[in-house]
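This document contains two forms of one protein chain, each encoded as structure tokens and listed individually as structure 1 and structure 2.
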Structure 1
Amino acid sequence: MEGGGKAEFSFANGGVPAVVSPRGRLPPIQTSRSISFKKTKDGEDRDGNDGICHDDSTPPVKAQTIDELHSLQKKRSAPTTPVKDGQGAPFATISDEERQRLQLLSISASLASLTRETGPKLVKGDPARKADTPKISAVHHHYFTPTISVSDSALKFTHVLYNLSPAELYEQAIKYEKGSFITSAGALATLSGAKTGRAPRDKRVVFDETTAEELWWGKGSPNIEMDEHTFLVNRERAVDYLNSLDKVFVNDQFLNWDPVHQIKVRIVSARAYHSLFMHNMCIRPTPEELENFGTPDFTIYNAGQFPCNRYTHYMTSSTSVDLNLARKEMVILGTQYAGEMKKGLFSLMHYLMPKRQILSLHSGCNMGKDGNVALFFGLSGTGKTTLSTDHNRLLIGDDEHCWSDNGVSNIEGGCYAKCIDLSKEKEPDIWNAIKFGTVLENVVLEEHTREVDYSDKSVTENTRAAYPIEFIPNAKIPCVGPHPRNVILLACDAFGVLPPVSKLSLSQTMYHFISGYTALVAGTEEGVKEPQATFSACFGAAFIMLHPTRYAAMLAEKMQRYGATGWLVNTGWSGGRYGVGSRIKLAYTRKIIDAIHSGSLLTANYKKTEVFGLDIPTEIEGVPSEILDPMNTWQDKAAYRETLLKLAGLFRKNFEILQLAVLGEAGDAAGAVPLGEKPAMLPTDFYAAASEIEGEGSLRTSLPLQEEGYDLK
């Protein structure tokens, strides 16, 4: 393939194509002198030289040897912010060397085996660089005075690549990780390996005295239990794997833009891909903040290249993602999909924040220039990222937020956009964010030009771009805002029966929030025609830690207190179900969202739909009125009503299951009384909103209480 179809040039002459004579024959060979210099008429070179060939007239390079030349290439920049001295700064008023030593000591403690006597010997820098190989003072963290048995790992050094820059991580990826390429736009294309999505069934949470009381367990809960001992077995496996490597990547970063409730996280991983992904997705510390980082609040050990041992208790596959709240640690084995880290931390926040009376939200968030904030809830693929990235508004975040008494704050420092069928015309801001620094997962690129084909699903349909939020031109930095005015629930209804937009009462909002409905088409495989309904409580059942009513009650209370309006927006099908109708045009959905933001939809004329009892507007600027009532768009009205009743039946069925869990009739009373409190109270008419919905309760959901995810078998 290489060079195929291209004009042939000879590059023998230092990169300048040799000139080919008009008849296609090479011109006669000339001396370098006659090529380099045009002679003046008196026989001398133009620059007055005497005929000795000089390469150029610039002064010579300031190095005596090649090594010296290379050493000149890199300089060490001074920190841009002075290191604070005095109160609270643990590393203040100490030397650079001492600070480095303490940093390595902290990392060594993080990486310490729990069964052996020492932590690993660590040294900073790339093992490939001779200059980075230690002579004497590497950090060796001693837990006990070493006795007779010292393991082999105590004899070797592990190099730590600490908070590398994107450029350095590019180099590491390209040198050492197969499948890494720089795309024509400058992004780093990479492969996540066998897993191209999250594996919710392999996610486990340590069950202990505290979590037994506090968390939601049992039917419908995403929290699959494991015991402390098994966690330690997996932790040891991950740590041993990481310590067996020549080098590990360590990221020290933050979660949550609310400074009062910021969490310090450390991510230890074996791939530059993982390090760059988290660099983009978490909040990046300033050099000063990094100097003062201290001990992390939470640590991820990502040994994703290495499988878990299937003989280990509780392990049902080679993949295990384990969360230990008491130890403040997460271990990843057997999956390299980077989204596990992002969403693992989100689970942590779904535990920590409600304890502080802060609501954690699986939602996008943006703000108008006048300060009106909107939240966009929805399961994967429903439009949180696409619709929160709006050229006319400030982006606060695309996926994970907190709502406290002070307003909203983004948990993350980056966005994670779906790329399948991405187009510059429809989503210009996301398109333009894919540039140097962005991680592009599992896309297909043209071999020679390195141009990405966003329509290609050869690796997976779940192709992704992870970029820092400031790559979106109108990002709101810091990513915080006032209390939301609108709460938009997104559903991609592949049945094609939900209206493009409905205004919700508070109890309807709670009902749909707790239901967390979406229906997507299973994929592009042949023969899959039936849309699959998914119900995921709080639009994020895979990430919630407490019972859904706990989050729903907080949302109801906040919406009521701050006067927010709820909306249900169908970003899915219109004019018939999947296969008959088509997906609602993004341009129309954007017009609908504009009307919500501007307040014009609040005062529109409404009519009530049958079965779901939704209030739908009769007119919206820029949207054809006939599509606002889905019944109009179906040719076959009987099929419409049948499908509508079927969907309502799925809702009822799902709600019955949830209600059992709430009331404790499923033998799971503990889950309904989270954090030692009375069952969270919902608005009294909440159940009324549920019972108003007609439907064929006997119909089964194709995926009952499904968690969000891609690797569902």
Structure 2
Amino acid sequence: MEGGGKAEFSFANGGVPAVVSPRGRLPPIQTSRSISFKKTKDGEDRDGNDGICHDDSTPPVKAQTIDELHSLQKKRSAPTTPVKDGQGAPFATISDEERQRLQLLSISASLASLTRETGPKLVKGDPARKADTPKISAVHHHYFTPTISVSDSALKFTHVLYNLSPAELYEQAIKYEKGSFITSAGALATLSGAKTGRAPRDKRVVFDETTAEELWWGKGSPNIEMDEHTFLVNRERAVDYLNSLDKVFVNDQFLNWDPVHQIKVRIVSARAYHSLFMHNMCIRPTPEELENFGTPDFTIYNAGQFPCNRYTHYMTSSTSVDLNLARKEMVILGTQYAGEMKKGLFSLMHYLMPKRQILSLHSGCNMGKDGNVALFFGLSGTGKTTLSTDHNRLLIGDDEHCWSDNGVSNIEGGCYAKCIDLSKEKEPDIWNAIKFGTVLENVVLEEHTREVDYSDKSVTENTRAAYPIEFIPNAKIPCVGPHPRNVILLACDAFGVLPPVSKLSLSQTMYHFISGYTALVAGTEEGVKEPQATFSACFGAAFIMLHPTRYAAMLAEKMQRYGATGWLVNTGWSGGRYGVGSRIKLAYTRKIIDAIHSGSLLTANYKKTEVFGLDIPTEIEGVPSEILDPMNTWQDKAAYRETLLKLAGLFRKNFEILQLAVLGEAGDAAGAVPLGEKPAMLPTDFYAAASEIEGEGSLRTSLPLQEEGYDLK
């Protein structure tokens, strides 16, 4: 060999090189010296290091067993909480062992049984990997002697899987939860069991001295009462079930991006799917915030795999979703649908925030580069998600917000998007957000490729994706913004009689906000083509806790104080009802929304409609002028007026349900009253706005029409 020392070879056949065919197999070669090569200036390969090949072998690992080898694979992160001299957060100056002990004591207290008055013995980690569980994690309790015999549950440890990462939760779901798969896009596809949507008829709220005065009860209210005793029965059933398991998942997270009004929540669940869902939907704490989390403000016990006792008072099925505002707890039995947790927390915020004079809103929210914030209200199918997602604007949030004196803030840390018929062309942002870390509920997969068929409704039409908001490219982090300039109420009017856009007075905004109208097509029943009107107070009646007039009064007060303008935008039909006319083109609606954002629509010329008393613009750039007045697009003018009056009658009928709690004593309605006082009172021109629905119709009250500019404080 040229250019260096000799290489010593030995051959398996006694030193004679074997002659083999090109396809034959050479005998194994053993080297007593190794060779490495390097390039010379003339391009030839030369051996380096005096002809000795470089030996890239390393000393063997120190592990003596496979378990020890696996333990070397995982790196433990050191605590990151800085110690602040003289200030120090509660855990900042204590040892890691003490911090972990206090953390487990807090979780144990959350899982305390009412009969034993103490929580279970806890240990951190997966019971399947007991060798990895540090001994210091165990929390022992000295049990007193109760009047009942001690059960075997007092002799066992419950393992706590605390704030696991998405990767860890994937592993838990794939290994232990049947029906969990990784899709071709990297999302975790899972099943929610028999319930694939919320069960509003099974939702209960504890009726006590406080809630009796503060909450909205009775006809039209979403709040169905239960007593304290029944709640405790269900709580004990849920806690006993969770304590009977070898492991539970615990999430400690936040609600509301406004740090001044942030709420600490703890979610205890039995499924990795539920833990990952809430990891995505709530605000994820930093390591420092997690180390100093302390005691939560509210706790969810999700024992959804276990049914409630149907013979328990107030129970009407095996499902029960119970909210106790005094105990700051929520119990879920008999449903594994994850949306119950999300909306249960939203109901909580609808109660807590107004007590702080903060308006909780079921709305989307985005912001222009100049700080121009818009709120989007709308029921399913109105285009709220589509119109609030704008590549030219920053997304603050898609569903739940607070409006305080600091501005707007998103309540959540993620998005919960419908997936039925999802396509990359129609919803590119949602499509691209479905990747590793995203939870896909109840979708259908191709068996081999694991590709999702978003058009398949075999499991349910209510297929959903839950993902962190930062998966949206133009999300604004942190999810806060200044006071809104525009409040946009969306209605998909399948009757085809509402204008594409109307500018609303303050009282009209309150009225349409309380009404929460949209109209959809019946669709599923053959031969039924008549549109179906839907009214949902405050565009989220299923989640509000107080009477809708209270939220409307707060909305008007904030709009007046901060100079916001109200708009009613129809994304439904024009030229006739469904089946006769056609749906307003999305391109035209986007032009309307753009004109609202730019402020150009404020200076347009307007004319007033006879029914509803709406101000409609006569011209908008990029939108055909003839469609701005819906009467122009109907060939049969008599049919138009008949349909318009029919819709007005539906509005009137819906308002009558709410009207009982609107008028104050002697009709004196100067403003909103504090929580706990009845009834809710609104400005007198609000009633005039209601009466304008039918011109000189039956809703007109004897109250005089006041000038706008009232004070609701």
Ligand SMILES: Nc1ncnc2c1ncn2[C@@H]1O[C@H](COP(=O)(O)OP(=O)(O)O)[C@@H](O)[C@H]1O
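Take the two forms, superpose them, and find the largest set of C-alpha atoms that agree within 1.5 Å; that set is the rigid core. Every residue number counts along structure 1's sequence, beginning with 1. Note that the structure is a prediction, hence the values are computed from the model and not measured.
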Inset, instruction - Please let me know, 1 or 2, which structure is the form predicted alone? - result: 2
Inset, instruction - Taking the rigid core as the superposition reference, indicate whether the CA of residue 588 shifts 2 angstroms or more between structures 1 and 2. - result: yes
Legend entry - Large Cα move at residue 602 between structures 1 and 2, threshold 2 Å, rigid core: yes
Legend entry - Cα displacement of residue 573 between structures 1 and 2 reaching 2 Å, rigid core superposed: yes
Legend entry - Core superposition result - C-alpha of residue 624, shift between structures 1 and 2, Å: 5.5
